[in-house]
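Presented below, as C-alpha cells, is a lone chain in the form predicted on its own.
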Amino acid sequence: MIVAIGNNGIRHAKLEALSGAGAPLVSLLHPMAFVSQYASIGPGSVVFAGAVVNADARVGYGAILNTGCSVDHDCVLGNAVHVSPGARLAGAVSVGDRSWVGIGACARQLIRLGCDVTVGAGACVVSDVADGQVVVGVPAKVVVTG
C-alpha cells in the first residue's frame, strides 16, 4: 500500500494505522530517479523523477522525495518527511519525522531539522532548526515557534 496524502501528519497517522493492521507497505521509485545501492528507502515512500539519493542516506517510511530533489550522502530522513521539488540537502543532514522542506530550499551539511519543521520555499538553512519551527529566507530565520 501507498498513502497518497500530501499532509505529512495525516499521512504518518494513516501509515501507522495501516502498518499496525498488518497492511503491506511498498515504495515507488520512478525509473528516472537515482537511488544509490548503498542508500535505504523506507516502505510506503515515493521517489519521483529526477530525485537523487546518494550513498549511505537513510529515508524513513512514508517519505515523499519529490521531482528533482537531492538527498546527499549520510543524510537521515525520518518518517513521513516531504522534500519538495528542487530542494537540496547537503551531506549528513538530519530531518525529523513529518518535516517539510519547501520547493527550492536547501540545507548545508550537518544541519539538524527537528520533527514537524517547515522550511519555506527557497530558504537556505545554515543552522539547526528545533522541533515545530517554521523557517524562511536566506539565511533561514524562525518565523513560527512550535
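Quick note: we count residues from 1 along the sequence shown, nothing fancier. A quick note: this is a predicted structure, and the numbers were derived from the prediction, not measured.
FYI, the form predicted in complex with a small molecule isn't displayed, but the following is about it.
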| note | Which of 108-116, 55-63, 78-86, 32-40 lies within 4.5 Å of the small molecule in the predicted bound form, heavy atoms considered? The stretch 78-86
| said: Taking the small molecule as it sits in the predicted bound form, is V129 near enough to touch it, meaning that at least one heavy atom pair lies within 4.5 angstroms? | reply: no
| field | Residue contact check: L18 to the small molecule in the predicted bound form, 4.5 Å heavy atom | value | no
| said: At 4.5 Å between heavy atoms, is G102 in contact with the small molecule in the predicted bound form? | reply: yes
| query | Given that the partner is absent here, does A90 sit within 4.5 Å of the small molecule in the predicted bound form, heavy atoms only? | reply | no
